[in-house]
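Starting off, we have a lone chain in the form predicted alone, written out as structure tokens.
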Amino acid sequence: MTPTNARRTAGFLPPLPGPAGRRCRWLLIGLLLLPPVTAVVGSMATTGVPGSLVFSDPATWLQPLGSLTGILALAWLLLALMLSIRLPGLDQPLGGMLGLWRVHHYLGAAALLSALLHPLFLLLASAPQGPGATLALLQPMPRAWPLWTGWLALGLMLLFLAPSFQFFGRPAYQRWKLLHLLAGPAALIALAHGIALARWLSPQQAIVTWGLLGSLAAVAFFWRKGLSPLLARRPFQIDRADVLANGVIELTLSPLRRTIEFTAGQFVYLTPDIPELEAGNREEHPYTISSAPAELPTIRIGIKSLGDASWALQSVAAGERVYLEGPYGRFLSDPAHRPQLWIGGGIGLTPFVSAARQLSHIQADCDITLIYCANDITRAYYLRELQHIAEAVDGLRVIPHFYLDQGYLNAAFLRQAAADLDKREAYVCGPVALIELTEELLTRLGTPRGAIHTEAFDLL
């Protein structure tokens, strides 16, 4: 599965369902509350209540609001940078990389909103002092470098954060990643601005607080952009490149050093090292592993042509080198715990293929119904193998659904495929339209929201 299989939303992603979603929400709430509580407590301990608030005089409360929003913008930006470290295993408590990314995404949104409100409140607070005071903020003197750093940091934040929220349409994946490199300079410049103009913290407190947060963010940024490509990626060789259908290929990879341990449903970042590649060489993209963990050290990855990079990979040959980093994610759970319903479409079948292949290897009993959605039989490239596995694995049922013959997936089809939907854990992976339709149908048919799990990449 590739990043363009993502759930496409204008701006924010919907909440992650289930226990992972609850953990994400609590982490997000904690990280959002930590900076304002710390700032207010620190200010009161140092100088008492920040300012005498007289609501008839807007300047007395607009000025503190301006200072507070600046503190929040910088703190949330640094916290978001810390979460970008992308270490395998760090995402597991949140149910996978998608949960961690959601928290990172919302922190970035909060930082951008606070950064925009920060100068607005300060400009409004300066208005009663006359146009000269306001102009000094809008167009500082050349020697007023702390003010210039603030405007520069805001400009950089707009450049690298605005595309993430699709203010100007959906960005190209690699252009979005390059723009995100501006996060490092923006954080450094914002740190200089925050330390130089600290109002609620003493100079010593500002240096210690921002120095600690800035150091942690710098470590995360340096690991992600500097050390990770050198230390975390593992070299693999392409043993086979099997064409499954037009525009769909499955690569069989063998490790040149150590392999990557994984569980069914996880994904890796693949970086080709093929100079002759027409597009995407040395670019990393996430793809779900389609092989069973029992097949290690060999790893198989299904790739559908959904962009320039994945299209170019359709023509790779055996013997070429790629790098893998991971594993990430935690989409599927142990089927022994509860009956399951799997619904997949297109290349979104890959996590289920991995799990089915694992069941075949270990010959485990289960109670799983897999609905394989495709336009027609020619696009159901994993169907025959899955049907053979189902014949050998007790409790695994594979039911095809062909859109061109049967129309959209509907409630009657789901109820016939699995009558006990309220007792099953449901996992859905595939095109965005399939995910949204299936979530609506399952909820209407009585499947608890906490029992519905979806896999969707969006600019990972």
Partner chain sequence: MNQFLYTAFVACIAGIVSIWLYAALIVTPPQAAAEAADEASLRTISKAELARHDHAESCWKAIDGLVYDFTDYIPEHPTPPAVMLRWCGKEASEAYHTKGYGSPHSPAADAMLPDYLIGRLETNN
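Numbering follows the first chain given and starts at 1. In this text, all values refer to a predicted model and were calculated from it rather than measured experimentally.
FYI, the form predicted in complex with the partner chain isn't displayed, but the following is about it.
Participant: Going by a heavy atom distance of 4.5 Å, is Gln129 a contact of the partner chain in the predicted complex?
Facilitator: Result yes; Gln129 sits at the interface with the partner chain in the predicted complex.
Participant: In the predicted complex, does Leu138 have a heavy atom within 4.5 Å of the partner chain?
Facilitator: Yes, Leu138 lies within 4.5 Å of the partner chain in the predicted complex.
Participant: Heavy atoms within 4.5 Å of the partner chain in the predicted complex: does Leu147 have any?
Facilitator: Yes - in the predicted complex, heavy atoms of Leu147 and the partner chain come within 4.5 Å of each other.
Participant: Taking 4.5 angstroms as the cut-off for heavy atoms, does Arg199 touch the partner chain in the predicted complex?
Facilitator: Heavy-atom contact with the partner chain at 4.5 Å: present for Arg199.
Participant: Using a 4.5 Å heavy atom cut-off, indicate which stretch of 279-287, 337-345, 236-244, 118-126 touches the partner chain in the predicted complex.
Facilitator: One stretch meets the cut-off, namely 118-126.
Participant: Is the partner chain close enough to His105, Ala109 and Thr134 in the predicted complex that each of the three has a heavy atom within 4.5 Å of it?
Facilitator: Spot residues vs the partner chain: full contact, yes.
Participant: Of the residues His388, Arg258, Arg175, Arg143, which one places a heavy atom within 4.5 Å of the partner chain in the predicted complex?
Facilitator: If I apply the 4.5 Å criterion carefully, the residue I get is Arg143.
Participant: I need to confirm a contact call. Of Trp223, Trp311, Phe165, Tyr323, which residue comes within 4.5 Å of the partner chain in the predicted complex, counting heavy atoms only?
Facilitator: None of the other options qualify; the answer is Phe165.
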